[in-house]
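Let's start with one chain on its own, the form predicted alone, as structure tokens.
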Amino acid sequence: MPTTAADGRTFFDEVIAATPGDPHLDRCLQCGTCGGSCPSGPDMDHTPRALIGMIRAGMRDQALRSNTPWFCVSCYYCMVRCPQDIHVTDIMYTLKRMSVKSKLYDDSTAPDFSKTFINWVENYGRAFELGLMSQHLLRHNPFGVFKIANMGVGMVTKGRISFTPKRIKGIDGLQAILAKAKELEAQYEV
């Protein structure tokens, strides 16, 4: 495996070190079960299997520029079906963190969308779809609001989404959990 890090570690080693627990990445047989199971697979520029191959090959920049981790919906279906118990979803989270930190995937609105989503969850304990869509579209595609306006109005009037955010009970407890998670995440910073 080619070395890519300044300290002589391979990209593979970097990913393993940055992923909490043992992701079992070394067990990958390249069977394709992960990609075949993925509901977002058609939107990805590389299948999870291909991305694991890129990690093994030391293709750091190409892997971190991939849209694959950003399209992962964290359904864990790939992990459930993996015959080698590879923690594919955890690796996707690692790659997202690494790509943002290295600024190799800054051509996408996905990191900003993720930050907006997390902000709603941290402050209210749940997603606020109308606010999330509105903020994201106004920042990245203001005219896109007109394309979804009718659907949004229909969903609000039918009670499918709320017009205002609602805070969960026990938000202080959730915020304490999230603060601890951030603390633990800092231990795995690449």
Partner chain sequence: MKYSYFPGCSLERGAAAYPYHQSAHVIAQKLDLEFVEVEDWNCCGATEYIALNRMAAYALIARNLAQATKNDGLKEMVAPCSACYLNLSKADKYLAEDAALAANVNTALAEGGLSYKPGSIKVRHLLDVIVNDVGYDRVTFHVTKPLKGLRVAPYYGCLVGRPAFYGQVDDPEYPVTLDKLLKTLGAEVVDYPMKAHCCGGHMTQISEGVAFELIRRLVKGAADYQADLIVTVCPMCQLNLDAFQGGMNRYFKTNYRVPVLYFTQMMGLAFGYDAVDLGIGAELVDARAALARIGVEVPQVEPPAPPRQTRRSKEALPMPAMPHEVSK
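Rigid core: the largest C-alpha set superposing within 1.5 Å between the two forms. Numbering follows the first chain given and starts at 1. For clarity, every value in this text was computed on a predicted model and none was experimentally measured.
Absent from the display: the form predicted together with the partner chain. The rest refers to it.
Contact with the partner chain in the predicted complex, defined as a heavy atom within 4.5 Å, is made by none of H46, A57 and L104.
The partner chain in the predicted complex is not approached by R27, whose heavy atoms all lie more than 4.5 angstroms from it. Proximity of I161 to the partner chain in the predicted complex: non-hydrogen atoms within 4.5 Å are present. Contact check for R139: every heavy atom lies farther than 4.5 Å from the partner chain in the predicted complex. In the predicted complex, the partner chain sits within 4.5 Å of a heavy atom belonging to V121. For the partner-free chain shown, M151, G154, M155, T157, K158, G159, R160, I161, S162, K166, I168, K169 of 151 to 169 come within 4.5 angstroms of the partner chain in the predicted complex, judged by any non-hydrogen atom. Positional change of R160 between the shown form and the other one reaches 2 Å or more at the C-alpha, relative to the superposed core. Superposition on the rigid core between the shown form and the other one places the CA atom of Y76 less than 2 Å from its counterpart. G53 is not among the residues whose C-alpha shifts by 2 Å or more between the shown form and the other one once the rigid core is aligned; its shift stays under 2 Å.
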